[in-house]
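Okay, here we've got a single chain as structure tokens, the form predicted on its own, with questions on binding and movement later.
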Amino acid sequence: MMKVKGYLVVIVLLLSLGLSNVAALGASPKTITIMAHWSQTQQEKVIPILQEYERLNPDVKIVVQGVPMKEFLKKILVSRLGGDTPDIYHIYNLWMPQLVENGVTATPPKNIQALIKKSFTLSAVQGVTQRGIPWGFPTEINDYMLVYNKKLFAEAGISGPPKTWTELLADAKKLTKKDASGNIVQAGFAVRPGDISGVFHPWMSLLWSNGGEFLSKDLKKAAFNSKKGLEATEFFADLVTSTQFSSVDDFIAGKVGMIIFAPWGRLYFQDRMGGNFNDVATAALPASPTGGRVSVAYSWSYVVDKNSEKRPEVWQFLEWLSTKMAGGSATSPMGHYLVDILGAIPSLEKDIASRSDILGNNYNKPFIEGLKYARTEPQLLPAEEVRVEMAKQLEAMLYKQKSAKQALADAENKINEILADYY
């Protein structure tokens, strides 16, 4: 039986886009369906890439089902129960254990497995591997760096990015401004309240940097409620100036001095900030008192549904999308989308090498270098439930509803209960 415990029942919006004409002489093309969390705008930018494959393969039609991120995993599991499944899922790799355990994913052919192992970065391959099998083609890989506003730094008399936690906290205080009534009008440091990753990932980067662990080695018990965990959590609470500010909207508006963010922010911020994006810079995460510096890494991939009746055609399409350098290009179709449209870091080694013009610029360079000290999120069956609970307790602390000590204790109890249901 599928494990869907803990997820809310949701209404999913399916946006189906037909992307090619019927093949000549009235023949009906084979339809390949992709379920992804792409927004309508992202889908529109993906269409030309998919249309190119249709042009090269007139017997194939590609359809996209767009699903909001918050509803994506539930939609995958519900579609399996109902028997109405797409051929391909573009998934958050944290979900891989649950999808493999529930028999959702098709085992790639041996030649595809070998191609994945030899062509993609090690961390990306690790992200798609369960039971010794790489289950799909890796796409983007993200780590976290310090992103800051140079203009606000200059106004506060700060010459450069902080290198230690002590400097980070001091700079956050210098960057914080209040009006005559004592209300904060500019935050030194902010996270993204209401967003799981926007709170959980910055905190976990601090936890790991301080030498703490999130879970036990066997993944069966919470391990964050420790001396190092408390130190990191109390520092996190002190660092977040105010939960009234967002690491997305208010950073774009020039009201936040520093955030811990992923590389896809490059184009997202640039599109919305215009010329003010010139004020944005990135740097390595400041080192903890122990000297540690660890960044959380997360990744995505394409996997194939086990029930797909078109698996040979589907794997052929994914191989082209993920690895082919057609028409003299040095970048794969997916690499082009990730770098030029999404602003993310591709995981195909050839794509990284071919796009040094962008991936090696001042904004992206710290993210590329940060992959050397990045750690992938623990992959476990109830991963999403655990993340939701941890973010919930951290937000209660940030909203001054709980102390750091109480938040960790409550999170430990709840997460151990969740893990006990699965292991």
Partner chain sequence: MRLNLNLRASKTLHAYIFLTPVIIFLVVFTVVPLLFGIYISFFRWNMLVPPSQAKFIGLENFRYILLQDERFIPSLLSTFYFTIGDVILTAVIALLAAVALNSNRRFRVFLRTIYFSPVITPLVAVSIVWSYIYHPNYGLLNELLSWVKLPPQQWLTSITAAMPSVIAMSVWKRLGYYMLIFLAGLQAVPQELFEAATVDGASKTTMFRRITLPLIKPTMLFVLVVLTIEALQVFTQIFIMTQGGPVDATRVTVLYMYDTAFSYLRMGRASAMAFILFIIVLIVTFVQVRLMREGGMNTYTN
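Remember, it's a predicted structure, so these values are computed and weren't measured experimentally. Residue numbers count along the first chain shown, from 1.
What comes next is about the form predicted together with the partner chain, which is not displayed.
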task: Could you work out which of Ile49, Leu380, Ala396, Ile368 is the residue within 4.5 angstroms of the partner chain in the predicted complex, going by heavy atoms?
output: Ala396
- request: Name the residue from Met325, Ala237, Leu77, Ala284 that puts a heavy atom within 4.5 Å of the partner chain in the predicted complex.
  value: Leu77
field: Partner-facing stretch of 355 to 363, 54 to 62, 387 to 395, 368 to 376, counted where any non-hydrogen atom is within 4.5 angstroms of the partner chain in the predicted complex
entry: 387 to 395
message: Can you work out whether Lys228 and the partner chain are in contact in the predicted complex, taking contact to mean some heavy atom pair no more than 4.5 Å apart?
response: no
- request: Spell out, yes or no, whether the shortest heavy atom distance between Asp279 and the partner chain in the predicted complex is within 4.5 Å.
  value: no
query: Though only this chain appears here, would His336 touch the partner chain in the predicted complex if you measure heavy atom gaps against 4.5 Å?
result: no
- prompt: Heavy atoms within 4.5 Å of the partner chain in the predicted complex: does Lys255 have any?
  reply: yes
- request: Go through 393 to 418 residue by residue and record those having a heavy atom within 4.5 Å of the partner chain in the predicted complex; state none if no residue qualifies.
  value: Gln393, Glu395, Ala396, Tyr399, Gln401, Lys402, Asp410, Lys414, Glu417, Ile418
